[in-house]
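Only one chain comes next, encoded as structure tokens, the form predicted on its own.
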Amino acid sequence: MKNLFPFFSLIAILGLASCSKEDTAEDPSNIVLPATYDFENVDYTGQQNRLDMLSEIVRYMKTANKGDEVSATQLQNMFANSGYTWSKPELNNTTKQLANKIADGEQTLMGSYFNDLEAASKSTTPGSNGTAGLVSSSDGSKTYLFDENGHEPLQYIEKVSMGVIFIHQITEVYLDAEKMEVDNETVETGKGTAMQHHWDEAFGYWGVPTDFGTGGFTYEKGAAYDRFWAKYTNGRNAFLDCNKNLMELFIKGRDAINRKDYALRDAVIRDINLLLAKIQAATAIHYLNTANANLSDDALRNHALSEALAFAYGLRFNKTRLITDIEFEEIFDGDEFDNLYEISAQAITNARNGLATAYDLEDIKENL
């Protein structure tokens, strides 16, 4: 499959070395955590801006499913926040961008997706095996734009971005040692200490409201937060109880930083990374199941497979990696997944089973 799965790095060490700063942990029995992510001096405006940017990019890309041409140059400009006027006024007053937050080495891959989407959007014939173009579901309710091998560039741009930007920034940048081995004494009004601010920025990339998953919270489809990892965390919540668990971890870690309990903070980071990885893998499995359930429908099958592949690719950018390069290549047999028009049900099932085994999701893989 062209450019989608460059080799993984070897399994990363799961632990994050504790800060050398003095640990001033107190008796856990005396700690009362806030019910929501409610702390003083919290700011993750930059992360919200980037989520808003990707939302507008997705809206622009989806015009291709209606037959409009999409420009690779405009996508580049939108990612770089250069030469483009956003519909949300505040985005035009920020220097924040998506392009400089992409994990090293992935910029070329993202650019290739832009080019693939532009090329497919110029097709004047319906899509089919060997021909890029629009393909409608059997009942006519859904239409998607695929390349000549049935891959959906729009899904790769959106969902791979969720891995190479959002998951990467949470687990490999803001919750990694370099951003945690910083000042935790000097408070900047509105932002807290450097360490507190970095933790809040990681939380911001998750994209959820501050009461997400807490008592009394009800997820609302179509709400402003119903996108990206908030959406897909909720999508797996019935099986992983991840809304509540992930929120509690972010709250516990921020509180630990406030109290300078760095050992607890580091333990929480490991738990956050692992739970995010399970959400990623479970979401890929969900779409593999969806593809098999729609095996005879080119549009629905290829759309679901493109989502599954994009989510699985994002596992590479979570610091907690539970499969090696070789194991990943074995799970997603390149020959089978090169052409999604010709894929077999067994190849899809094998990929699902491989991910479920690696990420300890065997018990729920049939139902995801």
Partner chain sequence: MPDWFYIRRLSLLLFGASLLLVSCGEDGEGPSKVDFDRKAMLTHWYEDQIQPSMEAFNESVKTLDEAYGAFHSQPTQGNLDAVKTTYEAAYITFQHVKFYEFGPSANVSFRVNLNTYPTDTAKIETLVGNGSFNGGAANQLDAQGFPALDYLFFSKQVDLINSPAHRNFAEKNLLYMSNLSQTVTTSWQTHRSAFLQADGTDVGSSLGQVVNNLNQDYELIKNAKIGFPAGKKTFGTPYPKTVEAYYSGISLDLAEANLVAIHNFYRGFNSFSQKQGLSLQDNLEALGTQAEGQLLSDLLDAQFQDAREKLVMIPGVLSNAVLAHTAEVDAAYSAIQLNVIYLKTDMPSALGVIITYQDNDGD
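Numbering follows the first chain given and starts at 1. Predicted, not measured: the structure shown is a model, and the values here were computed from it.
Omitted from view is the form predicted in complex with its partner chain, to which the following refers.
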Worksheet item: So which of Thr95, Asn129, Thr108, Thr125 reaches within 4.5 angstroms of its partner chain in the predicted bound form, heavy atom to heavy atom?
Response: Asn129
Worksheet item: Of Tyr156, Tyr232, Phe212, Tyr205, which one comes within 4.5 Å of its partner chain in the predicted bound form, counting heavy atoms only?
Response: Tyr232
Discussion item. Within 4.5 angstroms, counting heavy atoms, which one of the listed stretches 315-323, 47-55, 339-347, 33-41 is next to its partner chain in the predicted bound form?
Written reply: 339-347
Worksheet item: Though only this chain appears here, would Glu366 touch its partner chain in the predicted bound form if you measure heavy atom gaps against 4.5 Å?
Response: yes
Worksheet item: Do Ser296 and its partner chain come within 4.5 Å of each other in the predicted bound form, heavy atoms counted?
Response: yes
Discussion item. Would you classify Tyr287 as touching its partner chain in the predicted bound form, given a 4.5 Å non-hydrogen atom cut-off?
Written reply: yes
Fill in: Non-hydrogen atom contact Tyr144 with its partner chain in the predicted bound form at 4.5 angstroms
yes
Practice prompt. Could you list the residues in 83-121 that come within 4.5 Å of its partner chain in the predicted bound form, counting only heavy atoms and keeping sequence order?
Written response: none
